[in-house]
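In the block that follows, a single chain appears as structure tokens, in the form predicted on its own.
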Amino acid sequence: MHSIVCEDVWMVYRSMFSEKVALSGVDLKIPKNKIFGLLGPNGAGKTTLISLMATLLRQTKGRIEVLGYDAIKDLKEIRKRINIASGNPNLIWSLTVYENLRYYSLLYGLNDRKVVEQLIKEFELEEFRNVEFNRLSTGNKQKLILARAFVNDPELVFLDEPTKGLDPPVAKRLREKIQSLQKDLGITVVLTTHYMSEAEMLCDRIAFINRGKIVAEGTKEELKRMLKMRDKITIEVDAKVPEMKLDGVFMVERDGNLLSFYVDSAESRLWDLAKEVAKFGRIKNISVKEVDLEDVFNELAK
């Protein structure tokens, strides 16, 4: 079962004199009860796609189904069952923590004050319940924005860069909170982020979008295998090394005297690589690490 299904989705922004294709032929299935990452460089189409799935925009062409409902015909039913939070402060600045949560719960037709109190406790905002939003720290503002995303007990939550601009300790706590809430409530979370460590920690599956198209989708390990990249061997040498073609090497990055080789197996390729590089100069340092999601991102963003 899937929480979201996109079939041949196009989004074209038109003006009097021009048009811009933001999404072209997007096919995507987001499984239920998982954290799904939507990653890509700036301008790739992430925000447009999330806005379509959250019924904030209407696609130019194609079909989107959310929680079994058509995103155009049944948007009222969908909006009862979803919520969204972004990394930009967007609550009512003059209302307190309690008043903001109470206000948004009433917008959903919910009049249970206990829900508001539970969210204040869940997100560790008891000390600030009577503090106006504009007087909160950045971290507490983001806690409140996340708390608001759960006022209607949603089945599906969109989190658009939820830890953007936060100090590392605060961001870590919020990631842990997102992870625990998703498991406890059994909901679907669609997450966008520019922090690859965040995606590594939270996401069960990931789709990469670039220039309006989905270029890859799968688990972290599936994406690495798809690019035939498993290990990264970095060699520092005191000379210029020409282009080389070696078995098992799928990509080479150069940064001055640093050469980074992406290989299928460091154990199998390290000795041969070192011998070849040593033909051109003295090796000063060698390091080996497993390929991570940032390496995959950099390759798919090209």
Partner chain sequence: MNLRNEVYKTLGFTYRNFIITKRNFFTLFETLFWPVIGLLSVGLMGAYLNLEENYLAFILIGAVTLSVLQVSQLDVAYVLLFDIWSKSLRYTFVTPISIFNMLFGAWLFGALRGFIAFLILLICSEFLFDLNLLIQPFGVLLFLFGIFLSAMIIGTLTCSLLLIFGYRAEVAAWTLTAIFMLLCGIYYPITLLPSGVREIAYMIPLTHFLEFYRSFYNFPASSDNPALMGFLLSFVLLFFLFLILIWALDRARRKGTITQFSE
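This one's a predicted model, so the numbers in the text were calculated from it and none came from an experiment. Positions refer to the first chain, counted from 1.
Beyond the structure shown, there is the form predicted together with its partner chain, which is absent from this document and is the topic of what follows.
Worksheet item: Residues in which of 86 to 94, 213 to 221, 194 to 202, 177 to 185 have heavy atoms within 4.5 Å of its partner chain in the model of the complex?
Response: Stretch with heavy atoms near the partner: 86 to 94.
Practice prompt. Please state whether all three residues 230, 258 and 284 have a non-hydrogen atom within 4.5 angstroms of its partner chain in the model of the complex.
Written response: Spot residues vs its partner chain: no contact at all.
Practice prompt. Find the only residue in 244, 274, 239, 56 having a heavy atom within 4.5 Å of its partner chain in the model of the complex.
Written response: For this set of options, the contacting one is 56.
Discussion item. Exactly one residue in 225, 172, 121, 80 has a non-hydrogen atom within 4.5 Å of its partner chain in the model of the complex; which is it?
Written reply: Contact with its partner chain in the model of the complex is made by 80 alone.
Item to complete: Answer with yes or no whether residue 168 is in contact with its partner chain in the model of the complex, where contact means some heavy atom within 4.5 Å.
Response: Result no; residue 168 lies far from its partner chain in the model of the complex.
Discussion item. Please determine whether residue 128 contacts its partner chain in the model of the complex, using a 4.5 Å cut-off between heavy atoms.
Written reply: No.
Discussion item. Would you classify residue 11 as touching its partner chain in the model of the complex, given a 4.5 Å non-hydrogen atom cut-off?
Written reply: The answer is yes: residue 11 has a heavy atom within 4.5 Å of its partner chain.
Worksheet item: Is residue 33 a contact residue for its partner chain in the model of the complex, using a 4.5 Å heavy atom cut-off?
Response: Looking in the model of the complex, residue contacts with its partner chain do not include residue 33, since no heavy atom lies within 4.5 Å.
Practice prompt. Could you list the residues in 143 to 173 that come within 4.5 Å of its partner chain in the model of the complex, counting only heavy atoms and keeping sequence order?
Written response: Stretch hits, in order: 145, 148, 160.
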